[in-house]
Ligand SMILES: C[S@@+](CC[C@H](N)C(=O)[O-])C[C@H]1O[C@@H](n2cnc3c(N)ncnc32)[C@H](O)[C@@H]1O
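This document opens with one chain alone, in structure tokens, the form predicted alone.
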Amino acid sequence: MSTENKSIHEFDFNLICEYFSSIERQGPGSPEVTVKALGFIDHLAGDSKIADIGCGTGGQTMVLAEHTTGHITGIDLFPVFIDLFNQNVRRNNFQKRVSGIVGSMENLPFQNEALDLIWSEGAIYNIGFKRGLKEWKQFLKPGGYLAVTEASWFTDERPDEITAFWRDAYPEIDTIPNKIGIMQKTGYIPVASFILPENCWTEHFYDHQTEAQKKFLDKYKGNQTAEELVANQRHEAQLYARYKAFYGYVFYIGKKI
């Protein structure tokens, strides 16, 4: 099978999982930002039910568990992430109220109106922002909350290079007011939105990859797919350094009407 001209989503899934499972977070974020977003959610209690969709290895889920008392289900498509997620759960002694399961965000295993909160950091793009908001809403109780991070433009105009990169990587990227508009149109009250600080990308995401990349390339020396995967991530980091004034992740928090 040819591995030329692959986008990140077409790389060998096992290699992707191995690469990203070696870092604490599989996307930009930080414990401080998770806690900040949680501050906008009202009425969570010991019997509250929370789903973390596209949870990865659970970096943000463990923070959620520390700052809530309800039951949390983490869902991810990749078994290797869920294995690490459940190891994290045991390490933190959260087994009684946190569990990770393998599943698809396109076919969630919940009853209608069963959840008080849906959480998703750096993952909703896999299904698309509008589709995710629309389809996941049925699982929320009336008055339940949804909190997601989504790649967004900070400006109406930006350099061609970064526009072309994102148009290819995620055509649904849009400005913050347009994203809030989508949230309102799909049946949520837009409670809050805020831009993730730069350190969520640098200190908590790209910086962690530097050491991981060295080990990964040593292990897969001469493997073209592995080398392309690392080159891809390095390119993304360089683009962020160059164009961070124009885009980033934004937390969007909505309440189901």
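Heads up: residue numbers just count along the shown sequence, starting at 1. Everything numeric in this text was worked out from a predicted model, so none of it was measured.
Beyond the structure shown, there is the form predicted in complex with this ligand, which is absent from this document and is the topic of what follows.
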Can you tell me which of 181-189, 158-166, 116-124, 91-99 lies within 4.5 Å of this ligand in the predicted complex, counting heavy atoms only? 116-124
Using a 4.5 Å cut on heavy atoms, which of 87, 104, 138, 175 is close to this ligand in the predicted complex? 104
Quick one: does residue 229 come within 4.5 Å of this ligand in the predicted complex, counting heavy atoms only? no
Is residue 80 near this ligand? Define near as a heavy atom within 4.5 Å, in the predicted complex. no
Could you confirm whether residue 150 comes within 4.5 Å of this ligand in the predicted complex, counting heavy atoms only? no
Using a 4.5 Å heavy atom cut-off, state whether residue 55 contacts this ligand in the predicted complex. yes
Where, within 13-30, is there a heavy atom within 4.5 Å of this ligand in the predicted complex? Residue list please. 25, 26, 27
